[in-house]
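Given as structure tokens, the chain that follows is alone and in the form predicted alone.
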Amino acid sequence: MKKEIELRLLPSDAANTGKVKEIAAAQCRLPSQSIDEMVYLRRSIDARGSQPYVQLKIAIFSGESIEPEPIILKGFHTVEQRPKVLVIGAGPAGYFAALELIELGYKPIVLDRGKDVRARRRDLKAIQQLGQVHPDSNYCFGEGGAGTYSDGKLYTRSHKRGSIEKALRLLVEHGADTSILIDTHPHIGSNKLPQIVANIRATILEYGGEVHFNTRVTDVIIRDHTILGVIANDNAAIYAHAVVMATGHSARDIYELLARRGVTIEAKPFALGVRIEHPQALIDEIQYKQAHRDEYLPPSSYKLTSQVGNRGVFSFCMCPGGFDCSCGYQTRRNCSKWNVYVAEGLSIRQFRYSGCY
């Protein structure tokens, strides 16, 4: 028997797996020893009243084995001899585009102007300690993109643009904690992201793709109104079946290049962000109605939205209980949306993933 149930528990009870199993068994009118397996499906916190509760959705199995979730990477096959697609940018949009291309049977060749995720650390250290900024390896450019060293929250409002669960599962298959599959506000953590990014690169290489760093795109090759490839570092011509531009907000030279070469670009609405900091204890007291946060509760967060005239105002990515490991406003602004432009001839299809990685 498999049954899905919802529980509303005190934080201390929700943190105790044995207690959860006992309460679940009682709700299903089963002896707790008859429950063979228990799987968490969803977890959130309801802090609307004076006492915060943890809301759990779980599946219990009695006399029935769990069907394992399919592993996405098991469906991948080598693409070494398949048609090539250039992916410009090794940020989250570029790397996820590369994984999707492999799954579809194309060979991705990823080009990034910056350095690999580990080498970037030395350049970030130079920014923090010496005020020296490498133009192609900094908080905005390099493997993993702008969000890699900025906390690792997974925020999106784009629930109709593709499978969010698939993206989360791919992150788990590359080293993220399984908690991101069940938490309402999933969070990877900047301490884990560099290794996850490196693991994604390893997958791309394992299945026959290519990843090239220190490779800046300086021109596009257009013949008979068709994009055939790009020029890298001013002299190397690289040809492919198609080109994916996944360059992010900060690559202004790419936008200038495409405009100069007559490629149609759709402008996005302009957005301006400001950074606001609050003591975590203040937010905890407001949200949980507790002077001191319960040890079983995570640091609280909030989300605000408002309409001022015809303009929307909203809080973007809050970092509850975190430390300042970014360069401030500039990094947070640039990691707010991922852009993927898929070039098909001179027709550009635009995909946007609104969120922070």
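Just count from 1 along the sequence shown to find any residue number. In this text, all values refer to a predicted model and were calculated from it rather than measured experimentally.
The same protein also exists as the form predicted in complex with a small molecule; that form is not shown, yet it is the one meant from here on.
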Notebook entry, point to check: Of the options H134, H185, H249, R82, which one has a non-hydrogen atom that comes within 4.5 Å of the small molecule in the predicted complex?
Noted result: H249
Margin query: Using a 4.5 Å heavy atom cut-off, which of 121-129, 165-173, 134-142, 265-273 contacts the small molecule in the predicted complex?
Written below: 134-142
Checklist line | Contact flag, T215 vs the small molecule in the predicted complex, heavy atom cut 4.5 Å | finding: yes
Notebook entry, point to check: L111 near the small molecule in the predicted complex, any heavy atom under 4.5 Å?
Noted result: yes
Checklist line | Partner proximity in the predicted complex: K153 to the small molecule, non-hydrogen atom cutoff 4.5 Å | finding: yes
Checklist line | Contact flag, I88 vs the small molecule in the predicted complex, heavy atom cut 4.5 Å | finding: yes
